[in-house]
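One chain comes next, on its own, written as structure tokens: the form predicted alone.
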Amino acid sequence: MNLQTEQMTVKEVQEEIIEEFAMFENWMDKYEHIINLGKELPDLAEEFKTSDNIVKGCQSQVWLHTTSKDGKIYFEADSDAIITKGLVAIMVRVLSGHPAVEIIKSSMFFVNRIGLAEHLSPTRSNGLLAMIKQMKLHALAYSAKQ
């Protein structure tokens, strides 16, 4: 995550993603972009690819590692499936580096606005919802500790 993204709100990052996806003419180009985002996501260290970090509800393997620093939550993730890795890369971009309360309260409106809800298969759509739920639960757990 770059410094600029870290200074943006969750809402602003989502709006940036909506603008980014609006540049593509069709869904094949959007899928290609999702795949490229997945390729840009750094691999998760093997030590974090544990059963505790698996996102339940995803058809493919998705690992989510969460840390906190200076009142903000940071996510790292990986997947063994290329489109799923792209989806989790988007979620990391949207939610990582923000305070727990902002993560918990944020509506993930970009999912519908860029057409993911209607263009993903039901299993991928369920997996995306599972990722969002898991990330919000991690933020909730961190906020409860504070």
Partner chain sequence: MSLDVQKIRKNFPILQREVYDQPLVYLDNGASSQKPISVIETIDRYYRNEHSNIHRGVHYLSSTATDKYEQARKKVQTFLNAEHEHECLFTKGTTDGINLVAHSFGKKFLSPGDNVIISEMEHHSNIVPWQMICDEKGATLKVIPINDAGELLMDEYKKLLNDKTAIVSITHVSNTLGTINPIKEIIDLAHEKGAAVLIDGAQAVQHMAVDVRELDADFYTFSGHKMYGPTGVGILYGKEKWLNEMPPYQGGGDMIKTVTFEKTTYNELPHKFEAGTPNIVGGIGLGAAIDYMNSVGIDEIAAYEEEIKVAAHEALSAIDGLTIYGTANSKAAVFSFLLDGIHPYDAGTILDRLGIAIRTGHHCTEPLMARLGIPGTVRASFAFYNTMEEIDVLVAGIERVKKMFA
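All figures in this text were calculated on a predicted structure; none of them were measured in a lab. Rigid core: the largest C-alpha set superposing within 1.5 Å between the two forms. Positions refer to the first chain, counted from 1.
What follows is about the form predicted together with the partner chain, which we do not show.
Though the partner is left out of this view, F109 does not reach within 4.5 Å of the partner chain in the predicted complex, counting heavy atoms only. Interface residue remark: C58 is counted as part of the site for the partner chain in the predicted complex, having a heavy atom within 4.5 Å. At a distance threshold of 4.5 angstroms between non-hydrogen atoms, K39 is in contact with the partner chain in the predicted complex.
In the predicted complex, the partner chain lies farther than 4.5 Å from every heavy atom of E102. For the candidate set D52, D80, D43, E47, a heavy atom within 4.5 Å of the partner chain in the predicted complex is found for exactly one residue, namely D80. The candidate spot formed by K72, Y74 and Y142 lies out of contact with the partner chain in the predicted complex, as no residue has a heavy atom within 4.5 Å of it. Annotation for 12-46: interface residues with the partner chain in the predicted complex are W27, M28, Y31, E32, I35, K39 [heavy atom within 4.5 Å]. For R124, a C-alpha deviation of 2 angstroms or more is recorded between the shown form and the other one after rigid-core alignment. Relative to the shown form, the Cα atoms of E16 and C58 move apart by 3 Å or more in the predicted complex. Relative to the shown form, the CA atoms of M23 and S125 are pushed 3 Å or more farther apart in the predicted complex.
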